[in-house]
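One chain comes next, on its own, written out as structure tokens in the form predicted on its own.
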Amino acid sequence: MEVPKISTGIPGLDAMLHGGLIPGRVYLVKGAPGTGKTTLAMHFAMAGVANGENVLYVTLEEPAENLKVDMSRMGFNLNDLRFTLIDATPMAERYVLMNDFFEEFAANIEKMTEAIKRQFQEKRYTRIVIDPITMLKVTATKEVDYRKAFLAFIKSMMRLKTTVLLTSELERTNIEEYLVSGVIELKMFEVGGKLSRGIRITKLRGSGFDDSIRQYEITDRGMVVYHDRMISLP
């Protein structure tokens, strides 16, 4: 029996995922700053909007206005009524209410879980992006407490029947990688004196996938993944 999939909005990545992501699960996109995590996440979000879905995007690091400007240059319309953007960055000083969003979503992972549940009282979202989860991990005082809270977050999202994409800048994301249903890794390599970008899927529960490192580019229309171009490391 074939498992139903949803598109990431990036055809080459969908091919690597053998059709896309299994809906209703939590996924992690990890990579160093500048590798394109937010761009990938926006493709995922906008694919939902294009499909007539309601999408919730929580930005914890990049202010919403900056995000709108950067993403509009790539052709993404963040003003669509089906797209809800919540600015929970600590630097959001434009509106007094933004401080409330920071307290609700960014104080810790438990508060963010409850804040998302409250959002569902107003509207049902089939896709959620948390960009980046790194901001919430640094608030945890004990690793064991963070692990419990993160597991509770995943269970809550599964009960809401929503597909969640998390981004992370941390190289070591052991707890997240162990508990999520899939991991997509973005890396930059120096091959033959030139800088190449490589994408690799290291985990995808319930489905086969291409585990080769494939080339990708960030263009003026977003991310392009070349699923037929493999990066061979020396």
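Because the structure is predicted, anything quoted here is derived from the model rather than measured. Start at 1 with the first residue shown and count on from there.
Omitted here: the form predicted in complex with a small molecule. The next part is about that form.
When the small molecule is considered in the model of the complex, His43 lies well away from it, no heavy atom lying within 4.5 Å. Not displayed here, the small molecule is approached by Thr39 to within 4.5 Å at the level of heavy atoms in the model of the complex.
Heavy atoms of Thr35 reach within 4.5 Å of the small molecule in the model of the complex, making it an interface residue. In the model of the complex, at least one heavy atom of Ile218 sits within 4.5 Å of a heavy atom of the small molecule. Only one segment in the set 175-183, 205-213, 46-54, 26-34 has residues whose heavy atoms sit within 4.5 Å of the small molecule in the model of the complex; it is 26-34. Only one of Leu78, Ala140, Met74, Ala115 lies close to the small molecule in the model of the complex, with a heavy atom inside 4.5 Å, and it is Met74.
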